[in-house]
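The chain below stands alone and is given in structure tokens; this is the form predicted on its own.
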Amino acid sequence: MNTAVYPGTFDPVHNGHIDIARRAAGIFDRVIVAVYDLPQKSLLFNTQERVAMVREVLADVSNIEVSSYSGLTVDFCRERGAHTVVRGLRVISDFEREYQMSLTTRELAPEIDMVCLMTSLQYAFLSSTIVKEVALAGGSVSQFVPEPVSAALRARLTHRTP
């Protein structure tokens, strides 16, 4: 079975992430969307919430599974029998970072390759940071995220203390 891992923070998952995951599912036998639980950035949603959101919005794709992980992505890939890491590219700066990560991955785990999928044009500007900024400012994010994610953002930000 040809297994790929699509890692990320997914805080929150947005339409660009979903597009990449669905397209990867068309290429690989099995795609594991791997939600990183301890990124070096502040999070709006905890790991369980992020996993639940990703599972909900990708539930209709039979060859996608969602799991959380900590530690090195290459170690998670090895544990799951994956030989490919999937990443999405939006802009030139993404390429520079992913190129660096690809070389690091190759050094740490020569048996694991990285495949980068270009984002669909309508999502080229989209990031979780932008989604959170719009939501925090009271704007609608319904065009950026599926309804369950939009609802989770509204609920979280309604109950947020300054």
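Note that residue numbering begins at 1 and tracks the sequence as displayed. From a predicted model like this one, the values you see are computed outputs, not experimental measurements.
Same protein, other form: the form predicted in complex with adenosine-5'-diphosphate, not shown, and the subject of what follows.
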Open item on the list: Please pick out the stretch from 55 to 63, 104 to 112, 89 to 97, 132 to 140 that is in contact with adenosine-5'-diphosphate in the predicted bound form, where contact means heavy atoms within 4.5 Å.
Closed with: 89 to 97
Task: Interface membership of S150, adenosine-5'-diphosphate in the predicted bound form, 4.5 Å heavy atom rule - done: no
Task: Partner contact for P146 in the predicted bound form: adenosine-5'-diphosphate, 4.5 angstroms, heavy atom - done: no
TODO: Consider T119 of the chain shown here, and say whether it contacts adenosine-5'-diphosphate in the predicted bound form, taking contact as heavy atoms within 4.5 Å.
DONE: yes
Open item on the list: Quick check on L126: any heavy atom within 4.5 Å of adenosine-5'-diphosphate in the predicted bound form?
Closed with: yes
TODO: Between 15 to 29 and adenosine-5'-diphosphate in the predicted bound form, list the residues on our side with a heavy atom within 4.5 Å.
DONE: G16, H17, I20
